[in-house]
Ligand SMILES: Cc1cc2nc3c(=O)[nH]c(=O)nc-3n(C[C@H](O)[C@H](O)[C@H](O)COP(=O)(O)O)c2cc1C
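As structure tokens, one chain now follows by itself in the form predicted on its own.
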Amino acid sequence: MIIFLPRPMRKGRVSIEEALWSRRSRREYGPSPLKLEELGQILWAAQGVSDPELGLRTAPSVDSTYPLELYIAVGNGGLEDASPGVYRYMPIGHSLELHLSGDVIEDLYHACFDQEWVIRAPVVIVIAGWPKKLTRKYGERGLTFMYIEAGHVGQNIYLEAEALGLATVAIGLLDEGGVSRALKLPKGLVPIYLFPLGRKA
């Protein structure tokens, strides 16, 4: 199943300076579900296509390799017009592809050593990467490039969430195997970073 996301905005009501000034790690979330256009805007900010002709994205990547993928865990009632499950963001086409049906947020909570803000969130964004896309060319240095890129993407998530009046927090303390099992990630795809996402409480 494919969900086509609304076209992302190119101009918002909050400047980059205002978003930087007010950006915080927020661990409390309101009960209302997110809207598709809100989630879509954040996913576009994280990994969306900014130049279709050149295939460039909103976050930089060494040699335009783009080794990262975004998976989105949606809890029960967490996202309007979407059933609970795990979705993969498709930058080309700006859409969500259903990867796994059912609410797996509790499994992610346990895979993050029971950090409560994971289970409180209606939606959790997972940044994962393909190390071999980079290590084939750059050796072990490629892993450093992958983690640097995940940092670029994570900051974009933070700033877009702040600009939209939403709440998120970066989670790097996780059991890679537990997250992979919860999301049923393909072999070789490594979870790096989690971002619980919701409305400000």
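Please read all numbers here as calculations on a predicted model, not as lab measurements. One-based numbering along the sequence shown.
A second form of this protein, the form predicted together with the ligand, is not displayed here; the remarks below concern that form.
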Query raised in the report: Might Y87 be said to contact the ligand in the predicted complex, defining contact as any heavy atom within 4.5 Å?
Result: no
Is S95 close enough to the ligand in the predicted complex to count, meaning some heavy atom within 4.5 Å? no
_I'd like to know if K133 sits close to the ligand in the predicted complex, meaning any non-hydrogen atom pair within 4.5 angstroms._
no
| Is R24 close enough to the ligand in the predicted complex to count, meaning some heavy atom within 4.5 Å? | yes
Residue within 4.5 Å of the ligand in the predicted complex by heavy atom, from L143, V169, A150, V49, is V169
**Item:** Complete contact of I2, W44 and Y71 with the ligand in the predicted complex (any heavy atom, 4.5 Å)
**Value:** no
Per contact check vs the ligand in the predicted complex (non-hydrogen atom within 4.5 angstroms), the hit among 96-104, 125-133, 110-118, 75-83 is 110-118
Near the ligand in the predicted complex, with a heavy atom at 4.5 Å or closer, the residues from 176-198 are Y193
